[in-house]
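Presented as structure tokens, the chain that follows is alone, the form predicted alone.
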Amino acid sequence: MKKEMLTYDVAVIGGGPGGLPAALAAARQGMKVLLVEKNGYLGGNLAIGLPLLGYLDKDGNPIIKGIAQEFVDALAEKNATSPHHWCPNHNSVTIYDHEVFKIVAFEKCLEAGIDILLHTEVIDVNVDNGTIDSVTLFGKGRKIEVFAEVFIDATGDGDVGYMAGATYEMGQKGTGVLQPPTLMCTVAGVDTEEIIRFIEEHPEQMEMCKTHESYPGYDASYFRKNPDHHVLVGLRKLLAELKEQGKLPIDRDTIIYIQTLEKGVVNLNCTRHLGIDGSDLRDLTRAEIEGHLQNYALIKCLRENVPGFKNAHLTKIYPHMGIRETRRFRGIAQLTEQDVLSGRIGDDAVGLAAYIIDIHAGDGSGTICKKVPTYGLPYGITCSADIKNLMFSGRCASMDAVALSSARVMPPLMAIGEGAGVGAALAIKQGITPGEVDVQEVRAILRANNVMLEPDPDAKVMVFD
């Protein structure tokens, strides 16, 4: 087997919403950066049919800019995104073309001088005296040993941290139950106007479970005002009837469809895979198989029973499962449920978030959704408490389970990643560990790069008339 050795300042493992901004931020600070991705494209969950949620707070105020907004601006130049639309349920929804996003991601990384390795995964981590000396990568029969000053784990599941022996937690407090993952698919031939008419005639179809909080107005009128760029979560009564009749092939209580930029084409976020640990190969395999079978059966069920789906047909099943939660690693700070509920914005924040607490029940019974104030994303959640030169970016960062349910959507994860990338660069320049970096220096660079570190009282509120 062929083997080679590479040396970088910063090695970012994972090219999704946590890894892309981390790599870009570090490279823009003059670092020699390697970005490693297991897929044949960049983006991770940014490329599997989801919308961007959470650029705005619950009242419609902008809270996330920086590199996260750069991506949207670049998409807009290619006519590949909607504006940020305020939503009574999700705070904000931004629809975009996922295939064009992959192109934008490559363009930005190449422009920043980042070296990219695709079709490559980490298979070993060499730790000496609490410091990672190297990681071993594998792809196409070749081993590559990578030496770096700082390693950023942006794998989602925290694969680098796990192999390095870093401390982690999993699951909801008191139960350890994980939120179920979903395999997304795309369906064409959908008459969304007929669906809106059905909801207009049957408003009870938009009644949520008792644990689901949203602002008034998440109804047919809202969808009519925003006919092309919305996310519908509903039809709960109809699904309950189908379940009682034995016709429903998924373990959940609502349909979620996401508008695309193409008329009549929607992305379905519906399958449910209970009892799955996305960091376990056998569980993940079972879920991927279930997801393909469930999506096919679901589309048949929708065609036969749900208004607007009579002519629906499958056009795409996305290439990997969307995982909501697995490992969360111990950092020198932790984002907690109380931080989120109280809207804590400390002087250690490297970004803001305000997406709802959004916990999908592990038994498929419903969802806990709760509006929260704008809160800060502390720099210390990116710095491993166990491994001196290891950082975390994305959903494997240091958060409790409830905080993760809010911060796990992609714009906040991109904000976390940008902060991690800047922190890594400063640590290398100063010859110290990421945990020893002066957070105010990180914040000064982020602020200069248009990152929001506190709410702007003069920001334009983006709400429907």
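None of the values given here were measured: they were computed from a predicted structure. Quick note: we count residues from 1 along the sequence shown, nothing fancier.
Note that the form predicted in complex with a small molecule isn't included here; everything after this is about it.
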Of these, 141-149, 318-326, 202-210, 372-380, which stretch puts a heavy atom within 4.5 angstroms of the small molecule in the predicted bound form? 318-326
Using a 4.5 angstroms cut-off on non-hydrogen atoms, would Leu413 count as touching the small molecule in the predicted bound form? yes
Using a 4.5 angstroms cut-off on non-hydrogen atoms, would Arg408 count as touching the small molecule in the predicted bound form? yes
With the cut-off set at 4.5 Å between non-hydrogen atoms, does Ser384 touch the small molecule in the predicted bound form? no
Is there a heavy atom of Gly66 no more than 4.5 Å from a heavy atom of the small molecule in the predicted bound form? no
Work out which of Asp115, Glu169, Glu121, Asp251 lies within 4.5 Å of the small molecule in the predicted bound form, going by heavy atoms. Glu121
Among the candidate residues Gly278, Gly156, Gly234, Gly291, which is the single one with a non-hydrogen atom no more than 4.5 Å from the small molecule in the predicted bound form? Gly156
